[in-house]
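Presented below, as structure tokens, is a lone chain in the form predicted on its own.
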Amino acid sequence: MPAAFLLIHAKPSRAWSVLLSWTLFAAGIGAYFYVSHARHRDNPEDRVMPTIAQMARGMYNAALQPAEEDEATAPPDNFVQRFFGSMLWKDTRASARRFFYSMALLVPAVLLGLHMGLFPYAGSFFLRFILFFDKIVALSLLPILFIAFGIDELAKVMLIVIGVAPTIILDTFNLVRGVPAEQTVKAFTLGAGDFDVAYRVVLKQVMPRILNSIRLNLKSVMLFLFAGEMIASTDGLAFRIALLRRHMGMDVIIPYVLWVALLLFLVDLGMRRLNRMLHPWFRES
């Protein structure tokens, strides 16, 4: 007979939940430190797995010193001013700008999916094309985008939108088609018009799940953003990682990767809390 804590009805206490949730983090960090220490013991000049002191020093320099490509100026005395003039802030600001431009352009994708799901002519007109376009590998369009839009911001933003928007459109379409027809009929009998049904009945009902769909696609958004920045960019988090890779700058690359993960985690957390605040009645099934 299996142990009691392995059964379906087992419920861990709060202390056990906290402890278990951090176990894999602790194991991963411990394993990294063990292997890093072993490598540095054999080769003190090892750059593949930097020590915690080396990563702290690298991140400190990134957060308080300007990028190498920027003109050298007298460093300000104020800590805040040094941070806002640093390499880390420059790269974070550039990537964040592209990220939020792309997220804003996903709003029309949601509206298109809504209309495709509710209005039969719109569905017939767009659905087959979107299904086909969704199967195109977005990264294969990168050379075309750079030729059409240049290597500036627009090409990178369009890469993200082309890569993620079809999925959001189809997800919204399926969610809208899943709304029971009885609800729309009831709304019409109460005097609602077509757009009242679309925006005040159906959209409000599916919006929590649409936000969840966008939230679950955040990693895809960053994937396409990183692809664009690594190939043609002069700033951004991915550009810096690609630049440091040439010099084996793992003491900054690893903190940068963790910084990106932290930022995405905070965006994800913010979207989950926004969803609960806007739709307190919603419970994921």
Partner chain sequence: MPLIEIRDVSVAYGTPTRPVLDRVSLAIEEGEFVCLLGQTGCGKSTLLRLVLGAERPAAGRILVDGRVHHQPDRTRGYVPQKYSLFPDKTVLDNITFGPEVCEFGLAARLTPRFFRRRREFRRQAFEYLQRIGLEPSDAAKYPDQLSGGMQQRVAIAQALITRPRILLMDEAFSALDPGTRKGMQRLIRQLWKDTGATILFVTHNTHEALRLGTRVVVLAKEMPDSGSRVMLDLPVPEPCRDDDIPRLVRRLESASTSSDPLAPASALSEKW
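Source: prediction; values computed, not measured. Residue numbers count along the first chain shown, from 1.
If you look for the form predicted together with the partner chain, you will not find it shown, but the lines that follow are about it.
Next on the checklist: Based on heavy atom distances of 4.5 Å or less, which listed stretch (125 to 133, 98 to 106, 186 to 194, 143 to 151) is in contact with the partner chain in the model of the complex?
Outcome noted: Correct option: 186 to 194.
Checklist entry - Just to confirm, V176 within 4.5 Å of the partner chain in the model of the complex by heavy atoms? => result Looking in the model of the complex, residue contacts with the partner chain do not include V176, since no heavy atom lies within 4.5 Å.
Checklist entry - Is there a non-hydrogen atom of V201 within 4.5 angstroms of a non-hydrogen atom of the partner chain in the model of the complex? => result Yes - in the model of the complex, heavy atoms of V201 and the partner chain come within 4.5 Å of each other.
Checklist entry - Should P120 be classed as touching the partner chain in the model of the complex when contacts are defined as heavy atoms within 4.5 Å? => result Flag for P120 set to no.
Next on the checklist: With a cut-off of 4.5 Å between heavy atoms, is Q205 one of the residues that contacts the partner chain in the model of the complex?
Outcome noted: Heavy-atom contact with the partner chain at 4.5 Å: present for Q205.
Item to check | Residues of stretch 149 to 183 in contact with the partner chain in the model of the complex (4.5 Å, non-hydrogen atom) | outcome: Stretch hits, in order: P180, E182, Q183.
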